[in-house]
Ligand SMILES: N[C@@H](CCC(=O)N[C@@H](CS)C(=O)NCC(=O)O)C(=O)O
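Taking the form predicted on its own, here's one chain by itself in structure tokens.
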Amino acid sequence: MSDMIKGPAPCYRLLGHEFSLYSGKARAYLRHKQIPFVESISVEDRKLIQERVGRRVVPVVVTPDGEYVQDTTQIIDYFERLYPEASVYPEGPWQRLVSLLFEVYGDEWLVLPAMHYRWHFKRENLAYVLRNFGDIIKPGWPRLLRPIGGLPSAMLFGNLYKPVMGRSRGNIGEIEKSYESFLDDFNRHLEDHSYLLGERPSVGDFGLIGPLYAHLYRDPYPGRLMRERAPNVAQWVERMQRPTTFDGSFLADDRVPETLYPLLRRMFDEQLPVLVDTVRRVGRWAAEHPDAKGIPRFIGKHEFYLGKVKATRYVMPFSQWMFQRPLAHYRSLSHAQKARIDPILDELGGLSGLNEPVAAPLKLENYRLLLER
């Protein structure tokens, strides 16, 4: 598998796969910025990722000088420093905050419906899923046997996400209701705008494209659901993955369309309480481990709600690291800027969460999540 953006001979390698959720985010960004790259992944690449990064994870960008850039947010920021023109970060304070919030929503919350729709609808999806896992895990096997080789890893992924992300038998209906309402609201917004904030994709669009492409557009069952229920969303996915125009702009005067308000309200209602509790849990964990430099991937469990249904999920400190980005931006705003934005945030239910103090800030350094001591 390979792909290349128009331009000079490729300088960068994207180690990823069409089946990989976060590869879709990195790939869409590189295409939008017209950065020359080739995409491939081999058994040897996976071994090198393990050696350099410490675990076998994709996507990874390999630079011409051999540097490995792993996290998709860090990949975007790495290239934004090199290619600052037509930045994916809006200059307007309100638009930038909204775009950062949508990146957190896509990266850290829409993963739940993405995994649910992939693994719950086995009759429609399983053959496709096993074929893709086999191509990734056992590329050297005969094509007809690869799905068998991919079965153990597929079953592991298909069960592990449930306790981690909080999918239970009791909240299946709420997961589907929430996601389908998201589709309806986003579809309505896209009747008037090509992207979240106008005619140029922001970092928020790239946050959303990960789950909405690799799982919810490409997998058979949710892909059909998206095309039938929200055709504008399906067309947005296609624009994001195969851009044809590169000269669009964000809306003038730092305007955020009111058609995004239902989406923000849903984020603040569902995800924001989880993020706030994660910040508090990380703070307590850091206080209980005063000599720790790093922090585990999971630090216990906490309860959350979808609708009126309560479930349990793992506490994931990485979500705090992502949430720190919109928090830091919000706290950098002037009094006058907050005076304009705060009434909207309050009406939508997000104001108190964005004022949550971060007792134990986190940083991502050398592929590890660390406490800022």
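Note that residue numbering follows the sequence shown and begins at 1. Given the structure is predicted, the values throughout are model-derived calculations rather than measurements.
This next part talks about the form predicted together with the named molecule, which is not shown.
The partner is absent here; in the predicted bound form, the one residue of Val62, Leu345, Leu327, Val58 having a heavy atom within 4.5 Å of the named molecule is Val58. Out of the listed residues His120, His302, Arg188, Arg297, Arg297 is the one that sits within 4.5 Å of the named molecule in the predicted bound form by at least one heavy atom.
Just one listed stretch, out of 48-56, 309-317, 30-38, 329-337, contacts the named molecule in the predicted bound form at the 4.5 Å heavy atom level, and that stretch is 48-56. In the predicted bound form, no heavy atom of Ser99 sits within 4.5 Å of the named molecule. Leu14 falls outside the set of residues with a heavy atom inside 4.5 Å of the named molecule in the predicted bound form. In the predicted bound form, the named molecule sits within 4.5 Å of a heavy atom of Asp71.
The named molecule is not shown here, but in the predicted bound form it comes within 4.5 Å of a heavy atom of Asp107. Interface residues of 11-28, taken as those with a heavy atom within 4.5 Å of the named molecule in the predicted bound form (partner not displayed): Ser20, Leu21, Tyr22, in sequence order.
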